[in-house]
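The C-alpha cells that follow cover one protein chain in two forms, given apart as structure 1 and structure 2.
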Structure 1
Amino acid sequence: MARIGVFICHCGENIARTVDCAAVAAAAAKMPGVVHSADYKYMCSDPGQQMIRQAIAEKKLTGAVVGACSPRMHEPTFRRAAAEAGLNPYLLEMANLREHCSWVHEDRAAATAKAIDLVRVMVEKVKRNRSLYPIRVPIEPTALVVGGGIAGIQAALDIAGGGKKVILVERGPSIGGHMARLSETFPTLDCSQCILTPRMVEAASHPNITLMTYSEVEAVEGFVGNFQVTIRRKAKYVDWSKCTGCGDCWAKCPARKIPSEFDARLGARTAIYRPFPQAVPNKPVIDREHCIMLTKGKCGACAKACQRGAVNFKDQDELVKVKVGAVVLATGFDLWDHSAYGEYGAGKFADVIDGFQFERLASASGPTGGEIRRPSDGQVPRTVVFIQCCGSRDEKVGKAYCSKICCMYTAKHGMLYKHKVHDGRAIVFYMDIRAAGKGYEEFIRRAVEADGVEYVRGRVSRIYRRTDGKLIVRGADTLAGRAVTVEADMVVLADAVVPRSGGEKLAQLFGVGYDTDGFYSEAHPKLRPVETAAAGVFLAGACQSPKDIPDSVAQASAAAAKVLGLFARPELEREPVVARVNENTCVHCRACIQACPYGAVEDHEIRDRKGHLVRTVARVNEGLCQGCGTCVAICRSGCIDLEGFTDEQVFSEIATLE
C-alpha cells in the first residue's frame, strides 16, 4: 500500500507570491495514498531537507513528492535527502510549481488550482515508481583534448598534472593556436610568446601528454569512460624521428611565395615549412598542394639538402585508434570574413585588414619585423581607422551576438600603433564599449587618456578608395550629432568571432549540440557550463562562445577538473533513466536502432544452450543511452519503456487529470 509524503516549497516568494502553498498542501493531504503533507518557506534548505528525512523515517513513506522549482536545479538535492533517510532516491518526484506555474500565471486562484493538479499528477506517478539503481561503467583513465590552442594546452597540462594520461590532438603542424600569432596581450601588454612558449614546451615534454599535431579526429565510437576514437595523422612527408629542425630544407625550397597562414597571408612561406620559429614540435611539414615534387614529380631540393634523410615523399596518412574515457573540445575560433560587407570594400582593398593581420604587422616576428606598414605599398600609415563590431551585433549578416574581445583588442591595437607611430592618428569608431574584466576599464581609459587614441561613437556607413590611394571612411558621430569623414591610410576591422571551420562535423561525431551560430552548447548555462549533453565530453575556450585568454584558461582548468573528477573512481555511476527492451515482444524491426541519436540500441542475438541462434532482438547499451525516449516513441510493437517514464506511469498521470 502506497504511503506518500508531499512537501510544498514556498521558494521564498517565487512560488508563494502567486500560489497559495498552504492550500496546495491541504489539498494534497486528501489525495489517495498521501499520509503526510507539509509546506515550508525554503524546502531546499537544511531544515527543509530535515523535514523530509524525518517524515520518511517516522511515517514509513514509500514515496515522496516535492512541489518546488525546476527538477534540473534541485532534484539531486531532494533525492539525496531521501536516500539519507533510507528511501530509494528514484521513489521521489518533483512537481515544478515555479517555472510551470507561478512564473507563468498572475491569477492566484487559477495558479493554485494548477499547482494542486501538478502535485496530483506526481502523486499518481510516484505510486507506480520502482526502485532504480545507478549504472556502473568502467572508465579508461586517459583523456583526449581536441585543439592545441591555449585552452587545449591548459586543459592537457592540468589533467596530466593530476596524474592521468592525455592525448592532445591539433590539426595544424604546431600547437599554440591563435595566441601564438598575437603581438601583445591585454590588459598588461606583455609579450604573447613569452607567456605561451613555456607552456607549449611543457606540454610537449610532459611524460603524461602524447602530442599528435597535424592530426584530426576521424571517427568516434563508444560512450563515457570508453570512447574509441580514430585519429587521422596526416602525411607530413618528413620523418620527425630523423628531423632535427635545422632549416636546411626550407632554405633550399624553390616554392617560396606561398601566403603564410600564420602571418594572416601578409607574409610568405615555402612549400616545406614550420609555421613559426617557436613552433612545437619545431619540425617542418610539406604542403602537398604547393610542393613541386608532389604535384609535378620534379624538384626534390629539400630532400637533397637534408643531411639526415628525413624527407619522405611517399609518406601516407595514418589512422590511429585510441581508447579514452573523456574528451575536452577546445577547437577555438576564427574571424568572420568581412568580404560580406560591400560597404567596407567587400575584402577588395589591401589596406582594409582584420585584427589578426594587424597583430602580425605589430609583432616583432611578423612579416614587417614589428613595423606598422601598409600591405599595399609598405609605407607607414599616418592615420589608421579602427572599426569595432564588424559583423558582431549585426543581424543582417546573421551575427546577433557580441564577440566580447573586440573592444579590448581594438584598444590594444590603437595603443600599439601609437607606440610605434608616435605622430600618427588612431581613430576608433564604436557602438558601445564593453570592458567587463579585471583591469579592462582602466585599460580603455589608458588608451584614450595616456596614448591619445581617439574614440568616435557611431557606425561607419561606407569605405571607398580615392584615386590617390587614400581610404575615405564615412561615418557618424552620434554624440556630436554630425557626419564624419576621415582620410585614412589603413583601416582595421574588428571582425566577429566565429567557430572554427569543421566544428559542426566534429560536434556531430561526439554527439555535442551547437547553436545557430555554430558554437558548442553547454549542458546548462549556469550549473553545468563546461559539460555537454554528451556524457564525458567537456568544453574549453572559444568553441563554446567568444572568450578572451583569461576566460579560456579558466574554463580549460574547469574542464580538466571535471575530467579528473570523472577519473577519480575506477567506475562511473550513471543515472539509471535508460530505455529497456522487452525482448519477448521485440520483432526486430530495427526502427529503434535507426532512430537512436546516440547509437545506443544494438542488435542482440539470443541463442539456445547449444549455441544455436534462436532469434535477434534489439538491446540498449546502458553506457550509451541518454534516456531521450526516441526509441520508445518509434517502437512499432510498443516493447520499449523508459525507466522512470513507463507507459503505466505516463498514462496514470494523464488519467488523474480527466
Structure 2
Amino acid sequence: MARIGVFICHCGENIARTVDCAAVAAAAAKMPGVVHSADYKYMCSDPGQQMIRQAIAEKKLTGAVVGACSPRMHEPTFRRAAAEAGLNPYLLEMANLREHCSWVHEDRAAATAKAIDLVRVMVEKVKRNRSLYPIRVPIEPTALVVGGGIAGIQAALDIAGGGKKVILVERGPSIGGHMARLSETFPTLDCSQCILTPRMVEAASHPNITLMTYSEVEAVEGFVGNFQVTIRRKAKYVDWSKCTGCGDCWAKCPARKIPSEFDARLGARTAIYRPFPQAVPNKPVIDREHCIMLTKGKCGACAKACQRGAVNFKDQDELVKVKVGAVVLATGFDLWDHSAYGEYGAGKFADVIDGFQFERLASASGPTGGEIRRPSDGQVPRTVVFIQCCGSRDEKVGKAYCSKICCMYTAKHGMLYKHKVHDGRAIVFYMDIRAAGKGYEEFIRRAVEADGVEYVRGRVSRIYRRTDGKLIVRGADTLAGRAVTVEADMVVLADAVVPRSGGEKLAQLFGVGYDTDGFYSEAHPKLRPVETAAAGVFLAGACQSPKDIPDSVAQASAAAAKVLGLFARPELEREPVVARVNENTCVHCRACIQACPYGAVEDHEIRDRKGHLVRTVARVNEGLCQGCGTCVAICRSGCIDLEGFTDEQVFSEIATLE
C-alpha cells in the first residue's frame, strides 16, 4: 500500500499570496494513499526539510510530494532530504505551485483549485515511481576553453594551474582578444598590453595548455565529463614548425591596404600577417580572402622571401577531434554597428568613430603612435565629443539594455585625450553615470575635477558634417533645460556591447541557451552565474553579459573553479532519467537506434549459456542516453519507457484530472 506524504510550501508570500496553502494541504490529506499532509512557510529551509525527514521516518512514507517552486530550483534539495531519511530520492516529486500557478494567476479561489489539481497529479504519479539509482560515468579531465581573450586566458591559466589539461581554442591568429587593443585601463590607467602580454606568453608556454589559434569549434558530441569536440584548424598557409616569425614574408607582401582588424580599420595590414607585434603565437598566417596568390594564382612574394621555406599555398583546413570533460565558453563581444543611426551619419563620417578606434588612436602601438589625430585628415582635434549609450538603452534602433562598460571607458577616453591635448575640450553627453565598481566613482570625479572633462546630461539628436569639416553635434543639457550645439572636430560613439558574431551557432552546438540579444544564459541569474543549462559547459566574460576586465577575470576564475571542482571527482553521477527497453517485447526493428540523436541505443545480442545467439534486441547505453524520449515516441511495439516518466505514470497523472 502506498503511504504518501504531501508538503505544501508558502514560499514566503510567493505562493501564499494567491494560493490558500492550508486548504491545499487539507485537500491533499483526503487524497487516496496520502497518510500525511502539512504546509509550512519555507519548506526549503532547515526546519522545513526536517519536517519532511521526520514524516518519512515516523509515518514510514513510501513516497513524497512537495508542492513548492519549480523542480529546477529545489528538487535536488528535497530529494537530498528524502535520501537522508532513508527514502530513495526518486520517490519524491515536486508539484510546481509557484511558476505554474501563483505567479501566473490572480484569482485566489481558482489558483487554489489549480494547486490542488497539481498536487493530486503528482500524488498519482509518485505512487507509481520506483527506486532509481544515479548513473556513474568516468570523467575526461581535460577542459576546452573557447575564446582566447582575457576571460579565456584567465580560465585556461587557472585550470592549468590546478593541474588539469586545457585546450584553448581561438578563432583569430593570436590570443589576447580586445584587451590587447586597449591603450590604458580604468580605473588605474595601467597599460593594457603591459599587464596582458605576460599572461598571453604564460598561456602559450604552460605545459598543461594546448593552444589552437586560427581554429573554430565545428561539432560537439557527448555530454558532461565526456564531450567529443571537432575543431576546425583553418589553413594558415605557413608551416609554423619551420617559421621563425622573422617578418621577411610580410615585408614583401604586395597586398598592403587591407584594413587592420586589430587597429579597428584605422591602419592597414598585409595578406600574410600577424595581427600585432606582440601576438601570441608570434607567427603569421595568410588571409586567404586577400592573398593575391590564393585568389588570382600568381604572386608568391612571401614564399620567395621566406628562407625557411615555411610558406605552403597548398595548406588545407584540418579537422581535429578532442575529448574533453568540461567546456568554458569565453567568446567575448563586439561593438554594435552604429551605421543604424541615420541621425549620426549612418557610419559615413570618417571622424565619427567608435570606442575601439579611439583606443587605437590613444595607444602607443596604434596607427598614430599614440597621438590623437583624427582619421579624415590627421589633424589633432581641438574639440572631441563623446556620446554614451549609443545603441544601448535604445529600444527603437539599438538594444534595450545598458552596456555597463561605456561610462567608465568614456571617462577614461576623455581623460586620455585631455592628458594628450591639454588645451582641447572633451565633452561627454551622458544619460546616467553608472560607476559602481571599486574606485570607479572616484575615477569619474577625477575626469571631471582634475582633468576638466565636461559632462553634459542629455542624448544627442543629430550629428552632421558642415562643409568646413566641423561636425555639428546637436545635443541637450537636460539639467539646464536647453538644447546645446557643439562644433566638434571628432566624435566618439560609445557603441553598445553585443555578443561576438557567430555566438548563436556555437551555443546551439553546445546546447547552451541565449537571450534575445544573443548573450549566453547562465543556469541561474543569482546562484549559478557561471553554469549553463548544459551540464559541464561554463561561461566566462562578456559572452554572458557586458563586462569590464575585472568582472570578466573574476567570472573566468569562477568558471575555472567549477571545472576543477568537476575534475576533482573520479567519476560523475548522472540523473537516472534514461530510456529502458523491455527486452522481452522488443522486436528489433532498429527504429530507435536510427532515431537516437545521441547514438545511445545499441544492438544487444542475447545468448544462451552455451553462447548461441538467441536473438538481438535494442539496448540503451545509460552513459550516453540524455533521456530525451525520442526512442520512446518512435518505438512501434511500445516497449521503451523513460525512467521516472513511464507511460503508466504519465497516463495516471492525466487520468486523475478527469
Partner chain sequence: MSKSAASKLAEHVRRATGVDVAECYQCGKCTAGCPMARWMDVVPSQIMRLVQIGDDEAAARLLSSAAIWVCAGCLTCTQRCPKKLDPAAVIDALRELSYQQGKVPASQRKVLAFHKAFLKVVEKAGRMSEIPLTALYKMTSGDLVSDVTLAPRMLVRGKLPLVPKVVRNRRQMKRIFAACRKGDRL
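Throughout, residue numbering runs from 1 along the sequence of structure 1. In this text, the rigid core denotes the largest set of C-alpha atoms whose superposition between the two forms falls within 1.5 Å. Residues that one form lacks are left out of the comparison. Being a predicted model, the structure only gives us computed values, none of them experimental.
The form predicted alone corresponds to structure 1; structure 2 is the other form. Treating the chain as two rigid parts that move between structures 1 and 2, Ile372 and Gln649 fall in separate parts. A rotation of 13 degrees carries the smaller rigid part relative to the larger between structures 1 and 2, according to C-alpha superpositions.
When the rigid core is fitted, Asp603 shows a C-alpha shift of 8.1 Å between structures 1 and 2. Note on Tyr133: its Cα is shifted 2.5 Å between structures 1 and 2, core used for superposition. Listed in sequence order, the runs of at least 3 residues with C-alpha movement of 2 Å or more between structures 1 and 2, after fitting the core, are 1-135, 574-658.
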